[in-house]
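Just the one chain here, the form predicted on its own, laid out as structure tokens.
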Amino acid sequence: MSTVSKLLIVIVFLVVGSVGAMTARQVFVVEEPTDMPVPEINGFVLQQPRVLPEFALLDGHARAFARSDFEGTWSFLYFGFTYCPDICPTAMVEMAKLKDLLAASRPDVAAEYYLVSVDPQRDTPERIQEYVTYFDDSFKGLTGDLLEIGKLAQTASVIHVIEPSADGASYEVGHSSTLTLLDPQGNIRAIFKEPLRASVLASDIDRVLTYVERVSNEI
């Protein structure tokens, strides 16, 4: 088994445990704002929105991108990297399918789709822009300082590991494969876990949006 495969196995257990623990803490600490049951999805719906920290990244045009830039639309964030051999391209294909499904079923919902790099050393703004638009012209990429990326990834319960090779000339990247949903205020509302399949995601997202709409109307 390769080093990166071992890393990914560890990551799967870590991310499931971290997200599960986070959800448990919310159940016991945060009062649910409504008696409406939280929908069951392939992932986790946050009973109370999770606020993102301040961060400073770059978009695919090397322009500054901050937390406030998520405001105004729903946002989908996938954390990965452009040199990823299989998991990331598969997720990007499913995200493109998801965009089409939601455009048909929820035409009133404005949404943006992002790939957040966990390999900024190689993922320059130019490269990540070329990569994401290969899957859809409207997709956006984010990159920048690894510490700044870490702020965003940690809040989204994303685990990512960079493992140097034995010769020190190269490295491997391992990361959890989840899709994070932000509301138009830029807060985390749900985290969808593997397997990421567009048809399942579209159905689950519809449940989440309906839940958020009803909760907002009751407050």
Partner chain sequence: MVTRVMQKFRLINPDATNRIEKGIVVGWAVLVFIVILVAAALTRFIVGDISAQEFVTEEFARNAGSAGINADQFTFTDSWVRATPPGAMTAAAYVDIRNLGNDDVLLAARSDKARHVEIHTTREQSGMMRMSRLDALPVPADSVVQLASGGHHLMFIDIPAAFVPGESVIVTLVFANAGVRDVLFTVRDVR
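The structure displayed is predicted, hence computed values, not measured ones. Positions refer to the first chain, counted from 1.
Another form exists, predicted in complex with its partner chain; not displayed. Remarks below refer to it.
Stretch-level contact check against its partner chain in the predicted complex with heavy atoms at 4.5 Å: of 43-51, 170-178, 183-191, 58-66, the positive one is 170-178.
Contact between R106 and its partner chain in the predicted complex is not found at the 4.5 Å heavy atom cutoff. Its partner chain is not drawn, but in the predicted complex it has no heavy atom within 4.5 Å of Y113. Taking the partner from the other structure, its partner chain in the predicted complex has no heavy atom within 4.5 Å of any heavy atom of T73. Taking the partner from elsewhere, E130 is found to have a heavy atom lying within 4.5 Å of its partner chain in the predicted complex. Counting a residue when any of its non-hydrogen atoms is within 4.5 Å of its partner chain in the predicted complex, the hits in 127-163 run R127, E130, Y131, Y134, F135, I159, H160, V161, E163.
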